[in-house]
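The chain below stands alone, shown as structure tokens; this is the form predicted on its own.
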């Protein structure tokens, strides 16, 4: 049986806006003050995704490994900048360590998946490397932001306890070990919960897209398993490296906590 992809025209896209209108009306009626954000978010969704579509057509046509890696690095740079903007406390400059840790960990995961698991030849084939790498970045970005914010917030709120441990002879690693663990847990729990619920509570986006495009559901399932494990691994690795680097910046060479309370 031959499958064909059903295109979505402008009128169908316009019909989808009904849901946004309903959400906006609810925001106005209940004074949620979210109608402006809904409007801006909707416009940005249309503009950014259409731009992305044209950019991907150009990227997929590239046959240069360094250009593909450059696009991937730019995506990580933008993600790291987004994380830096989301974390409210700016007492320490953590953009560079976040960018480096994401670049190393995400590239390692994306490379292993494309080169070893999926066995793409060449491994940097943009039609595989960029989408898979983009999923790694997008999923892990939220986890890293949560972990950093949790770590910095706990270090500030537990300042007295940490300083007491330092006075009793503990070093910065020992004094902040428990808070580091909690930050790691906060970042990783959403990915673990997704693994627990996938297939039973929801059908993931990648699998849905492949099925809608006519792929065999069993093939789509195999790809989705790879993606779920890849996302969990990249989240764990990226979060671990990032919180370790950020934690080090929260203490000076004299093992003193440099974060000041609000």
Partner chain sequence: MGNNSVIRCENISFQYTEGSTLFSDVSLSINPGGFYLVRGPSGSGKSSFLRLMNRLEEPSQGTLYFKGIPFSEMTAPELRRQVLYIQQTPIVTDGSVKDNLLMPFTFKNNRTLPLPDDSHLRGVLDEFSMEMIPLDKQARNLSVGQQQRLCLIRGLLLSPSVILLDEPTSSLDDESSLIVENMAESLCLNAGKTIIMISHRGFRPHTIKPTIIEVKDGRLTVLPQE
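Numbering follows the first chain given and starts at 1. Everything numeric in this text was worked out from a predicted model, so none of it was measured.
One more form of this protein exists, namely the form predicted together with the partner chain; it is left out here, but the text below deals with it.
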- Query: Since the chain is shown here on its own, which stretch among 142-150, 157-165, 123-131, 86-94 would lie within 4.5 Å of the partner chain in the predicted complex, judged by heavy atoms?
  - Reply: 157-165
- Query: Is there a heavy atom of residue 254 no more than 4.5 Å from a heavy atom of the partner chain in the predicted complex?
  - Reply: yes
- Message: Contact with the partner chain in the predicted complex for residue 73, defined as at least one heavy atom pair within 4.5 Å: yes or no?
- Response: no
- Query: Can you check whether residue 100 is within 4.5 Å of the partner chain in the predicted complex, heavy atom basis?
  - Reply: no
- Query: Would residue 189 count as touching the partner chain in the predicted complex under a 4.5 Å heavy atom rule?
  - Reply: no
